[in-house]
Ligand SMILES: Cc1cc2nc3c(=O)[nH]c(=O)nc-3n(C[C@H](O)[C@H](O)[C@H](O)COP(=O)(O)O)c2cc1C
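Coming up is one lone chain in structure tokens, specifically the form predicted alone.
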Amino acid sequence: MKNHLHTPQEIRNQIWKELVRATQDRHHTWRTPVLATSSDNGLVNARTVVLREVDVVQRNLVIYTDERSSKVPEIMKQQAGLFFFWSSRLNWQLRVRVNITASTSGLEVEQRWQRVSQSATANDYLGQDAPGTVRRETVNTTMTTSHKNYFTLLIAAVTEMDWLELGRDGHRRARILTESWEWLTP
């Protein structure tokens, strides 16, 4: 695939194909991007998340989280975020600027929770303690569950992509907006 994508549309289409593929292939490196958000004190918080869904038509990236995690109040206060993806197979770096909304109720949340609740990951959203809670035990792999689920849907609307391809014959970089494209100096 190296350097055979020449037009902006070819590159844009391949980026979206890779994002979709990442939701279906557990071994795709884009399945677990880094999401950066702003904290209350103006510092940046970054964490690895799991890319669960991609809506190419709406240009949305979807992740799930526990509503008690620190990222939820950060997103409620400041919706701007950034996803960072790296693929050694493609030699591509992709930075994706997004506006994120967090939903803890509603039809979309309930439909997804019904699927997740039947899987092994359901306990991730049923813990009695919030993520990041200090534990008294040094190592404890068992988690006390609650009857309430804390499942939260994060929908990230893509506003801009910064794509970088590293190549032996030179690097290529571009800024991709919804309707436009700019080549950048790598």
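This is a predicted model, so every value here is computed, not measured. Don't overthink the numbering: it's just position in the shown sequence, from 1.
Form predicted in complex with the named molecule: not shown, discussed below.
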query: Among the candidates 45, 29, 60, 117, the residue which, in the predicted bound form, approaches the named molecule to within 4.5 Å (heavy atoms); finding: 45
query: Single option in 157, 36, 126, 50 placed near the named molecule in the predicted bound form, where near means a heavy atom within 4.5 Å; finding: 50
query: Proximity of residue 151 to the named molecule in the predicted bound form, heavy atoms at 4.5 Å; finding: no
query: Candidate stretches 69-77, 82-90, 95-103, 108-116, one within 4.5 Å of the named molecule in the predicted bound form by heavy atom; finding: 69-77
